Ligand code: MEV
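Okay, so here's just one chain, in structure tokens, the form predicted on its own.
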């Protein structure tokens, strides 16, 4: 039996902007999706999905995951029938890189079962192919974080060459709180909507992208100098920019406002938007607990994690 895992992730800066070649900053989470692969002597594959989930996520994403798994299997040249069992402690939800974590875990498990000898670079390419299932034309940031872990500055190469991946290191890990809106969105649909908006209203939307290009460089400097107050301020502004390109929703905005009032240094949606997760910067266990409680009192599900691990 082959085994593998992939990290969940949170995007600190850059959702949607990264699709257009602007840098993004992401951090892997300690939570992972695991995969086990064993040959079953049948045709195709059978799937047992034991991952925890936001209610309805697996059902809504069923077709996308069928494409994801098929893409990974085909890319890796697997011709024998296999049984795939997914598990781990990463909750399957919009915003935590659940599909990328699955693709990375599956690629590693296939590599292990069939003794293919692939390194992480090749595993990342397989995970990227898998990501085309749910995302159409993925940026590549989710699968990169899922495979390599850590804190990353990522810039997509729009000319089909290799993307730029810069590993970053901060002084020490920082506590964050993730709040789940309970809604699941389609990355492919939201990305298409943003592209249409950008084409229809260039005078209004292009300045948003120009401001973000400056913001992300400030964010990189603030993280490297461990200026968490500045990081929080930039997260707040990044959320406002995401609102302008219509990818937030009332639930995310309510959580963002709630955590700021509870003392979070900054907060923004993370991932696709229009559902999924919000993240709050809450250095120190005491603040993390206080902010988590504030969201729970609003009726939302909360996850506590660290970035920069």
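Note that the structure is predicted; figures quoted are calculated from it, not measured. Residue numbers count along the first chain shown, from 1.
What comes next is about the form predicted together with the named molecule, which is not displayed.
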Notebook entry, point to check: So which of 54, 258, 34, 272 reaches within 4.5 angstroms of the named molecule in the predicted complex, heavy atom to heavy atom?
Noted result: 272
Check: Just one of 73, 91, 191, 151 has a heavy atom within 4.5 Å of the named molecule in the predicted complex. Which one?
Finding: 191
Notebook entry, point to check: Out of 250-258, 264-272, 38-46, 62-70, where are the residues with a heavy atom within 4.5 Å of the named molecule in the predicted complex?
Noted result: 264-272
Notebook entry, point to check: Is residue 18 a contact residue for the named molecule in the predicted complex, using a 4.5 Å heavy atom cut-off?
Noted result: yes
Check: residue 12: heavy atom within 4.5 Å of the named molecule in the predicted complex?
Finding: no
Next item on the list: Please run the contact check for residue 155 against the named molecule in the predicted complex: heavy atoms, 4.5 angstroms, yes or no?
Entry: no
Notebook entry, point to check: Can residue 141 be called a contact residue for the named molecule in the predicted complex at 4.5 Å between heavy atoms?
Noted result: yes
